[in-house]
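Only one chain comes next, encoded as structure tokens, the form predicted on its own.
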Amino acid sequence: MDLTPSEDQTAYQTATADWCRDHMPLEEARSRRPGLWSSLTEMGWIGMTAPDTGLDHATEALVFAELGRFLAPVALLSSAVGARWTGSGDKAAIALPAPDGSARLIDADGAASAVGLFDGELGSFALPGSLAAAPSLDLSATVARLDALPSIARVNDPRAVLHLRLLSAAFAIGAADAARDMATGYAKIREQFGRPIGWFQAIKHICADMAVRAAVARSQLYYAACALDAGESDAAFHVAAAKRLADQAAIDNGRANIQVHGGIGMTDEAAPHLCLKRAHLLQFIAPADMTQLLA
């Protein structure tokens, strides 16, 4: 299986990164500009793997990893999955059901529906007209509580679950990449004892470990996306492995990024904590199936 991105895929990836750099910088994640969601919809990222587009999950994974690098709205995950499997082109929140029958709704502002996993299946339901949203752990997203779940329309296709898990892994890899880049960039300009701190071996080792974690997780993401597109019998295992590696890379890189930044890394004014908080949130979205990983 050739995991090298094609010229078209590289073009999609580069165009996404350029657009995000100009219109959705990571530093503004706490307060996105008005109309951002309309711009994201116009760019076509929500419906890029809809049945009539002809694009594959491998291309989508590359694009969503770049979106994740800039901490794009997490509702992109549920909206893209909803567009592919339910035919909805509107914004969809992420539903995280609880054992007591309630659910947490992530990034539900302006959403008409919610998408989530229910008893191992992908399901969606319409949202009520008004929801009381509050800031979540991830400062770029809000959270609302739904005390009782309405009727859920389930998708009778296991690939739908794999799709959400794959895109969540791509977002996590983007967060890991962002933390790595932030740490190495700071290590080049922050000076101590008359030298940039990146000159010291202890900092070099931290940054090298961050690069390795991100590279390993990205390689598994590529393989999982290709396996899903090819309909391989073990695609579910590879997607679960990609999710597991991506979540761990995002958490570990987020922590290491704060460590490299030292005292300033622990402050709210600085940006390092944004990557770590996004990584923590992504762990709750379509977590890796340990049964498949251990089988």
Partner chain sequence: MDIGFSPEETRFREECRDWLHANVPAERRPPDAIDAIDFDKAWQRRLFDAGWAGINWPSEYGGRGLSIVQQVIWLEEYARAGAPWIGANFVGINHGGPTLIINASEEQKAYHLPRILKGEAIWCQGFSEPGAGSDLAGIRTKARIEGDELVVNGSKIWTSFAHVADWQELVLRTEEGSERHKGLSWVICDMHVPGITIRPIRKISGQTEFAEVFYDDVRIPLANVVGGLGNGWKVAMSTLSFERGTGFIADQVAQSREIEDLIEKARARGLIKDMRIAESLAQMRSEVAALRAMTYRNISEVMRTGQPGPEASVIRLFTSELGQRLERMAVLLMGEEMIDFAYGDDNGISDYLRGFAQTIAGGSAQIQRDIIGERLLGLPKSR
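Residue numbers count along the first chain shown, from 1. It should be emphasised that the depicted structure is a prediction, and the values quoted were computed from it without experimental measurement.
The next section is about a form of this same protein that is not shown, the form predicted together with its partner chain.
Engineer: With a 4.5 Å heavy atom cut-off, would you call residue 216 a contact of its partner chain in the model of the complex?
Structural biologist: Answer yes; at least one heavy atom of residue 216 falls within 4.5 Å of its partner chain in the model of the complex.
Engineer: Is residue 180 one of the residues lying within 4.5 Å of its partner chain in the model of the complex, judged by heavy atom distances?
Structural biologist: Yes, residue 180 sits close enough to its partner chain in the model of the complex that at least one of its heavy atoms falls within 4.5 Å.
Engineer: Any of the heavy atoms of residue 122 lying within 4.5 Å of its partner chain in the model of the complex?
Structural biologist: Looking in the model of the complex, residue contacts with its partner chain do not include residue 122, since no heavy atom lies within 4.5 Å.
Engineer: Against its partner chain in the model of the complex, would residue 154 count as a contact residue? Criterion: heavy atoms within 4.5 Å.
Structural biologist: So residue 154 does not count as contacting its partner chain.
Engineer: Quick one: find which of 113-121, 79-87, 163-171, 100-108 has residues within 4.5 Å of its partner chain in the model of the complex by heavy atom distance.
Structural biologist: Stretch 100-108 is the one.
Engineer: Of these, 203, 149, 133, 127, which has a heavy atom no more than 4.5 Å from its partner chain in the model of the complex?
Structural biologist: If I apply the 4.5 Å criterion carefully, the residue I get is 203.
Engineer: Please tell me whether the candidate spot formed by 35, 41 and 159 is one where all three residues come within 4.5 Å of its partner chain in the model of the complex (heavy atoms).
Structural biologist: Zero of three within 4.5 Å in the model of the complex.
Engineer: Enumerate the residues of 204-235 that have a non-hydrogen atom within 4.5 Å of its partner chain in the model of the complex, in sequence order, or give none.
Structural biologist: Sequence-ordered list: 204, 205, 206, 207, 208, 209, 211, 212, 215, 216, 218, 219, 220, 222, 223, 226, 227, 232.
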